[in-house]
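Okay, so here's just one chain, in structure tokens, the form predicted alone.
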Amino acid sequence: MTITTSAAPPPTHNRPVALARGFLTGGVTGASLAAVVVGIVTENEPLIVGGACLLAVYVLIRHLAGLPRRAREAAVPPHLALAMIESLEAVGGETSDIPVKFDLTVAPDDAPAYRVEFTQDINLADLPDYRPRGILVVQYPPDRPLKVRIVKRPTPDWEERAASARLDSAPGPARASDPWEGCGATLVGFLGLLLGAALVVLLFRANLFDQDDSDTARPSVSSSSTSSSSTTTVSSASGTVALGPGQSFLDEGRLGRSVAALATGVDKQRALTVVVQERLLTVVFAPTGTQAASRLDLDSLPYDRVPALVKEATTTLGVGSPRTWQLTADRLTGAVALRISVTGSEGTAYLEADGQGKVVRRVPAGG
């Protein structure tokens, strides 16, 4: 039996809907990922949670919105048709099932034939059964003729038809299966992803820039700068840094960076005293032109030892529930000394260390 075919383009998807869906998916994904990243950088927990929830809610909505369509497709049996292999090519895979790219002429019983190109996994042992000019049985949803799949085990009737049929090639070129759900929607989705991420960064740009300023902390003498995360004030006599909620000078590297920033433009050997609390740093400088013997060299202080010293003072000196702690560094006795006081319901305890951060004295609460 020979079937003569003529080519006619099968119906396609609603392209604007496919493009809009791809753009929206990309935009939501980009906005969600950007919100999580910006939230981590700015230490904004609600933004992190909001970004993650936005993506989860969108996925849920997409799933629920697709339930009616999937139910309709499941209720309507797919169309069956004969098809002839124009060409095939294995495009990769290292397992028993490898992806094979097919170019077929599909000849429906009730419509003109057309060419379609798609990829389907084929078992390596069955690959010799698929040859150019070979006749296959394929299926596709009634309203989506480009979504063709090979029926690997057709019914006896269709198997008999395939064995006796001869098809003519439909004029090419072959049309890609679901092109607008593939290439077109992917490109538009990528554009949406970029725009969604850019929108979030634009909305929170002030927080991001303030975060950068607080981390690098470069104030000038006789100036003041304020942000949502910290306040830095420097004058010729003193300098202070006040951190925002959720931050601490015990965070790795923060104390050293903040002290170095306060001393920018100031002789680092003019410091008289450094006082540190959980979120407040104060450096007192000697008046310009004076020669105080008790000056500190700010570069010589053991900033990396401070977190461990504070931890020891708050956990080993008998203060069970410390409310506050304070570190003072000076040279009032001639040598650099670090004193940490811890106050709680049990009283006040003290710990002293030398200029290298080595503990030299402990005074427990009530001692």
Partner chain sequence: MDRHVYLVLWCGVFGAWALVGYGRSLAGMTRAQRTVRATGRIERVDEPRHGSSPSDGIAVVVSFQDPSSGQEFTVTNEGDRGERISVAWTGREIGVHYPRGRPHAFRFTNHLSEGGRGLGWANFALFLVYAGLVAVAAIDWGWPWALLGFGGPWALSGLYHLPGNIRDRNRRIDQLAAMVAVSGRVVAVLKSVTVDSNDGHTLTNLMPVVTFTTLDGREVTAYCESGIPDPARSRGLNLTIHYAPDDPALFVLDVEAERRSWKRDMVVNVVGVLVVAAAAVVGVVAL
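Positions refer to the first chain, counted from 1. Please read all numbers here as calculations on a predicted model, not as lab measurements.
What follows is about the form predicted in complex with its partner chain, which we do not show.
*Asks:* In the predicted complex, which of 278-286, 247-255, 107-115, 155-163 comes within 4.5 Å of its partner chain (heavy atoms)?
*Replies:* Only one stretch qualifies here: 155-163.
*Asks:* Can you pick the one in Ala237, Leu187, Leu194, Val151 that has a heavy atom within 4.5 Å of its partner chain in the predicted complex?
*Replies:* Of the candidates Ala237, Leu187, Leu194, Val151, Val151 is the one lying within 4.5 Å of its partner chain in the predicted complex.
*Asks:* Which pick from Val49, Ala308, Ile40, Val336 sits with a heavy atom within 4.5 Å of its partner chain in the predicted complex?
*Replies:* Looking at the other structure, the residue within range turns out to be Val49.
*Asks:* State yes or no: in the predicted complex, is some non-hydrogen atom of Pro132 no more than 4.5 angstroms from a non-hydrogen atom of its partner chain?
*Replies:* Output for Pro132 is no: heavy atoms all beyond 4.5 Å of its partner chain.
*Asks:* Ala75 near its partner chain in the predicted complex, any heavy atom under 4.5 Å?
*Replies:* Contact check for Ala75: yes, within 4.5 Å of its partner chain in the predicted complex.
*Asks:* Should Asp126 be counted as a contact of its partner chain in the predicted complex, where contact means heavy atoms within 4.5 Å?
*Replies:* Result yes; Asp126 sits at the interface with its partner chain in the predicted complex.
*Asks:* Would Asp299 show up as a contact with its partner chain in the predicted complex if we use heavy atoms at 4.5 Å?
*Replies:* Close contact is absent here: in the predicted complex, Asp299 is far from its partner chain, nothing within 4.5 Å, heavy atoms only.
*Asks:* Heavy atom within 4.5 Å of its partner chain in the predicted complex: which residues of 29-45 meet that condition, in order?
*Replies:* Just Glu45.
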